[in-house]
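Quick setup: one chain, the form predicted on its own, written in structure tokens, and binding and motion questions come after.
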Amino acid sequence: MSQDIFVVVEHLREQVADISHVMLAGARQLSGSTGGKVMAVLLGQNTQGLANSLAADGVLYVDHPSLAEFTSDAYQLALAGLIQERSPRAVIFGHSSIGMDIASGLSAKLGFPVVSSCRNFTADGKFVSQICGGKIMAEGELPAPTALVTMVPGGYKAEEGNQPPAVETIAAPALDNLRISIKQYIEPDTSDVDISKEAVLVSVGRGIQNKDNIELATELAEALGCAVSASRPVVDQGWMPTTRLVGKSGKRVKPKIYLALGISGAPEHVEGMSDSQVIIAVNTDSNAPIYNIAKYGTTVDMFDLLPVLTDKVKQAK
């Protein structure tokens, strides 16, 4: 059994996903306890150039037309033989729709256990996972011989490699007669404001209670000269359009200031905003997971705070 740590790189449209850099940072810490190398696993077609930004000791690159776009069965077939052959100590996936799809399928196929929602690793190689929406942290030993791990953002900052790692090209297995293929990408509406380019965001969550209360956040955002964004529950209710959604199924944002109003901090939301420079949380629940990543916070009722804060901003201008 090898002591290497494999990181399965997520990428789309010739861009490496931020969660991939977070996973590589976590793998670097884990490899310090195992004594192995950090090996990025890059699947695709004509995507070897993406390896240049990966902070890994090496890259295992599999090139095949069936890997040009992500499909679960193609990725599972390509990874299964590689994992069995190399026997890494752990294989890290993003805790995303892609990563969870691959990890669960490989677990059933290979019989390896899955450690889900891992936030970080300890100095002695234990995993720390978020459960109950991030309110409880569970710590344990990584199962042997090979553990499959899905990682959430928040425990590490994304980092990029300083120099291109060595790339080893791996022959793809037979990838014929796949059940699923990508026919078309349907692009979202781009007529609305692009929240990923905003320097300041006022973001509302379930705590806003109803659609009418969003006006309070809008007034503050107008005073600040910024946009309003939202978490999944607000968009699911139809109170804001999907173009304002922050999180795993929405936009990834990196504003200078992210004001989170009534947002609990579920992993799916944190994945989209954890790289904000300054996170300010307003939530009456002092145990809300959002406080794990916030630099500043208050448990005051937002409905008492927002009118006063808006007036103060207008006076300051």
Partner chain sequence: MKIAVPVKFVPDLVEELTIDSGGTALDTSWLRLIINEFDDHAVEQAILLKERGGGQVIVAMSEAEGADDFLFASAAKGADQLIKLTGDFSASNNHALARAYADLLKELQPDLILTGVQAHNDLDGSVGPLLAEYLGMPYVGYVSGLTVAGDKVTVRKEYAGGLIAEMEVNLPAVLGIQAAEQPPRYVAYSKIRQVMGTAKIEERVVADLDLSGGITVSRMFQPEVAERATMIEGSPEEVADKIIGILKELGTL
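We call the rigid core the largest set of C-alpha positions that still match within 1.5 Å between the two forms. The structure presented is a predicted model; accordingly, all values stated were derived computationally and were not measured. Residue numbers count along the first chain shown, from 1.
The same protein also exists as the form predicted together with the partner chain; that form is not shown, yet it is the one meant from here on.
Each of G134, I182 and R206 places at least one heavy atom within 4.5 Å of the partner chain in the model of the complex. When you look in the model of the complex, the only residue of I214, V115, A78, A227 with a non-hydrogen atom within 4.5 Å of the partner chain is V115. Only one of P143, P173, P165, G125 lies close to the partner chain in the model of the complex, with a heavy atom inside 4.5 Å, and it is P143.
Between 277-285, 53-61, 39-47, 26-34, the stretch whose residues reach within 4.5 angstroms of the partner chain in the model of the complex through a non-hydrogen atom is 277-285.
When contacts are judged by a 4.5 Å heavy atom cut-off, R89 does not count as touching the partner chain in the model of the complex. Using a 4.5 angstroms limit between non-hydrogen atoms, Q15 is distant from the partner chain in the model of the complex. At a distance threshold of 4.5 angstroms between non-hydrogen atoms, R232 is in contact with the partner chain in the model of the complex. Proximity of S249 to the partner chain in the model of the complex falls within the 4.5 Å heavy atom cutoff. Contact residues in stretch 282-312 (any heavy atom within 4.5 Å of the partner chain, taken in the model of the complex) are D285, S286, N287, A288, Y291, N292, A294, K295, Y296, G297, T298, T299, V300, D304, L305, V308, L309, K312.
The rigid-core alignment places the CA of A281 2 Å or more apart between this form and the one not shown. Once both forms are fitted on their rigid core, the CA atom of A294 lies 2 Å or more apart between this form and the one not shown. Relative to the superposed core, V253 undergoes a Cα shift of 2 Å or more between this form and the one not shown.
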